[in-house]
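Below you will find one chain, with nothing else, as structure tokens; this is the form predicted on its own, and questions on how it binds or moves follow later.
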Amino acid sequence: MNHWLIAPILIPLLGGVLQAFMGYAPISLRRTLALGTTVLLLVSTIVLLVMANDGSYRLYAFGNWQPPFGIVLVLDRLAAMMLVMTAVLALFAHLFSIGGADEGNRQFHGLFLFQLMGLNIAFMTGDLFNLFVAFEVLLIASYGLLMHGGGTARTVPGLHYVVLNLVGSAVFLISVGMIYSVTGTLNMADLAIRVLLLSGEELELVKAGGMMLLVVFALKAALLPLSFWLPRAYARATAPVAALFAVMTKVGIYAILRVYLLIFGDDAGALANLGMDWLFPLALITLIMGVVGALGAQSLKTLVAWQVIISVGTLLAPIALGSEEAISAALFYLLSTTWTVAGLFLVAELVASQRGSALDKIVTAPRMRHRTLISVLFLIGAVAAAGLPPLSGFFGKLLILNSVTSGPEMAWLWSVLIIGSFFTIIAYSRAGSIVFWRTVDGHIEEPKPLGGNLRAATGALVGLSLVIVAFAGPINEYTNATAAQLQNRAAYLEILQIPMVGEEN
């Protein structure tokens, strides 16, 4: 059964390669292959989720080279959850793209699948260098996807995105080199043991490398002050690309969870909880800045892009606290916010397709076609994003609030999260009332047709907030078990056959 672990990487790889050789094939054939590949990917990730649900770790060693020397994939509850979340998002984003967003670029579907491959490698790798490789794979694909459609509006923010991520990649490589120069390994489990044996200059060098890694992951997660590139880049991307990019910041958050709980967690001696003192206040400031940006947004896509920033701050604040309850709450909210934000990007595109020259700008315009359907979808997404009952965002934020124990952190988190949610409601209320209800006389010439696949994909992603509520109990049990597994470092080391300190003999 362990051979299933390679499926989330192999399936999009083969699909992407086939797309590369089908560049001049009819677009209907390329679409069928792409959608079929994404469905197979989702099936494989569900199989892995069922496997991981027993609470054990599973290892896949390439070439049968055992750790810490070979390339390994590791499956646990967290990796399985991230894989399924990404595959579900990718399926509906891909379904939306075949409504016309994929036209004009023969390699759109290939790039889409290669990005999925990079994401899945990042979620499953047990090695820091291969995490770097995964970042490069998904980033190279994302560069092409971000530029899809052309035009200055996409080229300028896309260039900023490329340059910043190239700088981040360089810092990542330097930090990995610093850590390897001292420890002689980049296997995460092996590093978790070796950092306990460091002292003097070696300790300081690894500490510097660890802090540099945190900066890189913060850039990927769009943590302030490394987040100003995101709103313009996401707002200018085509709708299915922006929807897929909703999971991109979660890769940085996942890397922080994986690396800093395993290698620099509570049991890391002098390097315990490295950088977490900085992470909590920066997360709260990021949340505040996201709310301010949402209040000033001039278009729906920009509003949703700032919602991504809000979710980053909301996620990293409890993660920085490090308790099992806080991490479980963050994981529940992560699932909700990723699908909700992706759905809202698709809703914004539906609005733009029905308002003529007004597009998705938050300005008055003649009454759009399909206003009832689109406004209901926007209402559901906005309620979930703002954290109002009875949708999933409310339960996620409630779990986060309840996970914090009494003290200064509780006062700060409660204040910022509750006040921020209030102003987020104002931002969505302002946008919705102007776009859907403050109409002017006139008519919109030739609005784009609203195909069945566009409605289905958007409705499904937005509707997932209702599904999460319906299965809130089992999902919360899963996130609780995931948080407990993340805190149990010994079990991770055992599956990789890495001895604990004092057990080398």
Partner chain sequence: MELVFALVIGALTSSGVYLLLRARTFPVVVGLTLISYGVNLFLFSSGRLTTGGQPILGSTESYSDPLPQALVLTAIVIGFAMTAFVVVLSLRNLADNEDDHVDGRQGERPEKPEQKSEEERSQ
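Numbering follows the first chain given and starts at 1. Everything quoted here is computed from the prediction, not taken from an experiment.
The protein also exists as the form predicted in complex with the partner chain; that form is not presented, and the subsequent description refers to it.
Novice: Counting any non-hydrogen atom inside 4.5 Å, which residue from 132, 395, 254, 245 sits next to the partner chain in the predicted complex?
Specialist: If I apply the 4.5 Å criterion carefully, the residue I get is 132.
Novice: I need to confirm a contact call. Of 166, 419, 411, 197, which residue comes within 4.5 Å of the partner chain in the predicted complex, counting heavy atoms only?
Specialist: Going through each option in turn, the one that passes is 166.
Novice: Within 4.5 Å of the partner chain in the predicted complex, do we find a heavy atom from each of 354, 371 and 437?
Specialist: Checking in the predicted complex: none of 354, 371 and 437 is within 4.5 Å of the partner chain.
Novice: Can you check whether residue 228 is within 4.5 Å of the partner chain in the predicted complex, heavy atom basis?
Specialist: It does: once the partner chain is placed as it appears in the predicted complex, residue 228 has a heavy atom within 4.5 Å of it.
Novice: Is residue 180 a contact residue for the partner chain in the predicted complex, using a 4.5 Å heavy atom cut-off?
Specialist: Answer yes; at least one heavy atom of residue 180 falls within 4.5 Å of the partner chain in the predicted complex.
Novice: Even though the partner chain is not shown here, does residue 220 get within 4.5 Å of it in the predicted complex, heavy atoms only?
Specialist: No, residue 220 is distant from the partner.
Novice: Heavy atoms within 4.5 Å of the partner chain in the predicted complex: does residue 232 have any?
Specialist: Residue 232: contacts the partner chain in the predicted complex.
Novice: Pick from 421-429, 256-264, 168-176, 319-327: which stretch has non-hydrogen atoms within 4.5 Å of the partner chain in the predicted complex?
Specialist: Only one stretch qualifies here: 168-176.
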